[in-house]
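Heads up, the chain below is alone and in the form predicted on its own; it's given as structure tokens.
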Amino acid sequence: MVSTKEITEMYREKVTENTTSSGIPVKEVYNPEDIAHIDYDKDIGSPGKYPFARGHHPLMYRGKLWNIRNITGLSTPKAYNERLKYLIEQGMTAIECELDSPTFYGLEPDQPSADGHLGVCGTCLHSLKDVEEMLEGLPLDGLSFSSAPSTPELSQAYILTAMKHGFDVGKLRGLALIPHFYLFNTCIPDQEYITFVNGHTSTIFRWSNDFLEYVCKNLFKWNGWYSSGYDIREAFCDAIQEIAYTIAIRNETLRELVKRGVDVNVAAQRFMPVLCVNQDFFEEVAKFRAARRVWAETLKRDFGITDPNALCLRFHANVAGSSFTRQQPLVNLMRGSLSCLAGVLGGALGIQVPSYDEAWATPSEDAATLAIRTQQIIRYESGVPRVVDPMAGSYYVESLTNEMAQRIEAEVDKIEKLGGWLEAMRTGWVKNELEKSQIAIQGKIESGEKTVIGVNRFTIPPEEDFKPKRYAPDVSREVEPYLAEYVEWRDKKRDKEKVKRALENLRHTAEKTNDSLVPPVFEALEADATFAEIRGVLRMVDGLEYDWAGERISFLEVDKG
């Protein structure tokens, strides 16, 4: 029973956290003098006009509502295909594919290291054949596609599948991930290699840049998910670092594409980062407004870009999965609603809200549906999308936007002085900064300085807490039959000589030429080479073991033995 003293203390409770999540001091009240130094035309502007602080388009959602994404991935390609069809019927308009760990880390599904992980927390996709099964019957010309792998094989398999079914590749919409931030995942050897090997950028990194160049020149509605500010933020940096790192990665990528002969105005138009929406509501709204402003100003100043379409930041936003707790999971519905609203007020082109059972397992069907309904409530019932940038003119929001813009630009300048993003990663500076942020945030949670409902305040004994219905892959009915069929196909049904020729061509192109690796990867996929085989061959080009886990060898090497 709560005592009278405890009730009195709660009654008299006041705000004690007087800074934003990024450490920006917050005043009790904001007045006209707080924004007197801000020039409307220079620092804010009208929606759809430089510097785009108020949005990328004059009409914003009155012209086109944001895409509703739902990250999910179920056990096998067949099971995932069924879930995708269901979610599209519920209102999802974009695919965001989550992979199981064997696929993500470049393992074959029958390797010892994959045992117990197949189809868990994502779908297993190991070949073009798997991707075709995952996409069977889907309207690929109407959907937008993105996925979480750190290399382009899944995107290239998606394109091949669309071509096989007669879709116009030039009309496909999607996001292509380029691994400029993968030094963060140093717990898995293959992930550190994704970017660097022996102090130099890797062949897989080259392939990713080749694919981004391919996107710029061939896929006119496809954007380069050249950076995942979301993943950076989930590594526990703050909002200022998230945007600054995203812009620093943009600078590095833009310089690379210009070296390759891509027009700077064309390249910049194809950049669409995936950003994060966390729980600090006003800071998140101000962050997106500041990000568009700094994005435009630095592109104009540092790269001489003149095309308004190239100066405008367009982004997709994922609600922070790390803000969803295992304790009291139904409370996550409110967290998702709050962050989704911040993403809408911030002007996101697409939003993904995690399911409330995010911290438990792969989303159940009911939980995934509620995540979509969250966005639909804001879309159709809240009235929020009727007005472009309704937060504009708020003394607090404009002051915070301006302060964040200044801090973001200062952080970008710091990285540029270090030699750019790749140098900052190579030397360990980025990793050290993230580790400091992780320690600081965890310290605040453990001390109670940062409140997390259900974790350090308003807790419930575990035995009394709500436990969601947990999805688990049906191993005997789904996973084991998939594995048996895959292994039989790979070992007995493929034309191995055709696969070998394609992989040898890929290796030759990577070792002996500076040509793009995209065409030989397309050839390898069409020849039925597996994703792991493609990655393994490119590892060999860098003088590394074919398999980072040390459990298999390439059949290109078997004959030599």
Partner chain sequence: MSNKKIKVITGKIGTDGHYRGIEAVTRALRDAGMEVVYLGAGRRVEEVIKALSQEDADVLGLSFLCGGHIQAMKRLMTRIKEENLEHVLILVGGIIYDDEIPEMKELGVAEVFLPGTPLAHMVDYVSREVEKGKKNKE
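Positions refer to the first chain, counted from 1. None of the values given here were measured: they were computed from a predicted structure.
Omitted from view is the form predicted in complex with the partner chain, to which the following refers.
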item	value
Touches the partner chain in the model of the complex: P329 (any heavy atom, 4.5 Å)	no
Exercise: K217 in contact with the partner chain in the model of the complex, heavy atom 4.5 Å	no
In the model of the complex, E545 touching the partner chain (heavy atom, 4.5 Å)	yes
Non-hydrogen atom contact T201 with the partner chain in the model of the complex at 4.5 angstroms	no
The unique member of D307, D302, E435, E449 whose heavy atoms fall within 4.5 Å of the partner chain in the model of the complex	E435
Answer option from S101, N402, Q90, N265, heavy atom within 4.5 Å of the partner chain in the model of the complex	S101
Stretch from 288 to 296, 462 to 470, 256 to 264, 344 to 352 whose residues place a heavy atom within 4.5 Å of the partner chain in the model of the complex	462 to 470
S46, M391 and S394 each touching the partner chain in the model of the complex (heavy atom, 4.5 Å)	no
Any residue of 232 to 265 that, in the model of the complex, places a heavy atom within 4.5 Å of the partner chain	R233, E234, A235, F236
